[in-house]
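This document opens with one chain alone, in structure tokens, the form predicted on its own.
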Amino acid sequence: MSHAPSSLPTPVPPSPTGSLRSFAVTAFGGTARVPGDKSISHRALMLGALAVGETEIEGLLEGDDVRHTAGAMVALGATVEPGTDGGPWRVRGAGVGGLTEPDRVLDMGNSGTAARLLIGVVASHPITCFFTGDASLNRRPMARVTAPLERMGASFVGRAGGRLPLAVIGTDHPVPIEYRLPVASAQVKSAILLAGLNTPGTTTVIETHPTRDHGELMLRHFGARVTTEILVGGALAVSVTGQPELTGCRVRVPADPSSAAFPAVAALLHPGAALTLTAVGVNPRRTGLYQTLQEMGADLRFENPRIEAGEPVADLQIRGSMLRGVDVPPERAPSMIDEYPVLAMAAACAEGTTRMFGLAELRVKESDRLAMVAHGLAACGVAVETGPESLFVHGTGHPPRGGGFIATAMDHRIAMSFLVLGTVSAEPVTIDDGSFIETSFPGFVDLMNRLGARIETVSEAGP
């Protein structure tokens, strides 16, 4: 049933597709399913590799980011059989503590999630691994992960800030810790909990603001003992009991709410639009954008709610709406950190000013997203103000002029956000390179165009 490890396709960096240009359209809508949730896809592959027996994963995101994770799990001793014609992927795991030292560098491509989580996984194994990524990933900080993992006994050799390329020297005597997150980060939380799987005793992460809990839900789905306790003051203590036997299981990955945000916002900005996005993950720690859009006046509803593999899922019904500016509080940031760029596009078309606070984390994503959004909106005729952790977008109640040429800095969310803006702006919006969209949303342009957008390749990029 399982292929040999060497059968897994090796991810390669996407080749530039050239510049993409988005034109205004008069109609947008229909029914679609966006690709599987990236956060859940990464975790399903990793826990499948740490489980005993076979894990079947339906709806796995098949973008480059996730394929890099799959390749890394094969290098660490798991067997992975890719799905065919959209069918389920199958993973045969090595068991907790059973990963083996890879004979090659683990290339994580563009994925900070994959890199940080997998560093946690291997930190409590007595093996040495070398991590690298593309130019964007190698600029992103890893010290926030390596600092707590050093307390558990692992060692690291890397560039300033713990940046990749990074050598991880796992420990054969991991020590459980209690760690309070200095900055809200689901990636850091998951990395510590994953390291705690192969650590005797109880490993605990304390978070002041709740972050995505996909890791906790997935761990429980595979049979780990994970508890969550509300502390005095409202902080959460999330604990995992080490050295369980995880059991291979069936995982159905919901459609990614972060990916759904792009067609959803496009529909909201088109008067008369009606769009249905099916089987979208609606984990309450991921729906901050949709709450904010509803506060702005969006006609957006969750229909047919259900639970799949421990995750809440629903169909999103979106209709074109007149939006108004609102204040987005800083405590909402963990539930929508990836969606601020596309929210800014909605804000540019809303009536009044939308003020977003608590955005420091945007400075250290695939790019400095706060600066990229501000510069891009300004180039499209939108009045904006930025602070160290804030973004104010002054909307006029109408789509902006557009016409900007957007340098994306290899950031897929910046690219998709401005292509959404181009579907309503008076002049087309052009991005310098759309190739990195495929890392998280394969088929984005085709899906958007099927729904009514007009996004075209430009043979020569340039202002």
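All residue numbers refer to positions in the sequence shown, first residue = 1. Remember, predicted model here, so these are calculated numbers, not experimental data.
There is another form of the same protein, the form predicted in complex with ligand S3P; it is not shown, and what comes next is about it.
Chemist: Which of 403-411, 66-74, 419-427, 33-41 has heavy atoms within 4.5 Å of ligand S3P in the predicted complex?
Modeler: Selected range: 33-41.
Chemist: Among the candidate residues Glu81, Glu216, Asp338, Asp107, which is the single one with a non-hydrogen atom no more than 4.5 Å from ligand S3P in the predicted complex?
Modeler: Exactly one listed residue reaches within 4.5 Å, namely Asp338.
Chemist: Considering ligand S3P in the predicted complex, which of Thr292, Ser136, Ser239, Ser185 comes within 4.5 Å of it through any heavy atom?
Modeler: If I apply the 4.5 Å criterion carefully, the residue I get is Ser185.
Chemist: Does the 4.5 Å heavy atom contact test between Thr113 and ligand S3P in the predicted complex come out positive?
Modeler: It does: once ligand S3P is placed as it appears in the predicted complex, Thr113 has a heavy atom within 4.5 Å of it.
Chemist: Does at least one non-hydrogen atom of Arg212 fall within 4.5 angstroms of ligand S3P in the predicted complex?
Modeler: Yes, Arg212 sits close enough to ligand S3P in the predicted complex that at least one of its heavy atoms falls within 4.5 Å.
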